[in-house]
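Have a look below at one chain only, the form predicted alone, in structure tokens format.
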Amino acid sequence: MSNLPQDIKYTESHEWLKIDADGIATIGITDYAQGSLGDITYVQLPKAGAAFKVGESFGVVESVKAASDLYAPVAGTVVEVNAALDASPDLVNTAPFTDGWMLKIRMDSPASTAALLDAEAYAKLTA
């Protein structure tokens, strides 16, 4: 497994979540997911203010190989969307854990992240 940041949480559906100091969580897809999808050609994301439950689809990522739903790792309300992905969806391929982030969400319950995977568990899942 390549370059899994240790300070973020992961889902079995290959999203990642990083909790910022202000309680806002940044969400994207993992390097494994973008590698499996191939060249990303389009990312459909919700608007700020949209609310999601755990496991609910919040968008779609399309690639040269397939289209795949994106699932919310926690419940909450979208406070920001990465507008750079409109013009450069390839940021998900080139920098999935940094510039390729997808949205920021105000979590309903920060304690809900306890059920997510740490880097070691995610590495085992994708080995």
Partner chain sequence: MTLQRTPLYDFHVAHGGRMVDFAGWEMPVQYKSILEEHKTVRRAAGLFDVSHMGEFDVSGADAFAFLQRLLTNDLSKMTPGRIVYSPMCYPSGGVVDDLLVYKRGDGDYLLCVNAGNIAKDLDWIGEQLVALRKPDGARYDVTVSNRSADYALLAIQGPRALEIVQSLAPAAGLGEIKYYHFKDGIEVAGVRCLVSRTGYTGEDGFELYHAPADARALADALFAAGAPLGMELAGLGARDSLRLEAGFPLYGHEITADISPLTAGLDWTVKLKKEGGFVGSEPLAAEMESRASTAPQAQAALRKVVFFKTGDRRIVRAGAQVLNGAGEQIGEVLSGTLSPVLNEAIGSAIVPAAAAPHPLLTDIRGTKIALQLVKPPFVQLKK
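Everything numeric here is computed off the predicted structure, so don't read it as measured data. Residue numbers count along the first chain shown, from 1.
Form predicted in complex with the partner chain: not shown, discussed below.
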Check each of A84, A48, A67, A95 and return the one that places a heavy atom within 4.5 angstroms of the partner chain in the model of the complex.
A67
What stretch, of 75-83, 95-103, 34-42, 48-56, brings heavy atoms to within 4.5 Å of the partner chain in the model of the complex?
34-42
Using a 4.5 angstroms cut-off on non-hydrogen atoms, would T26 count as touching the partner chain in the model of the complex?
no
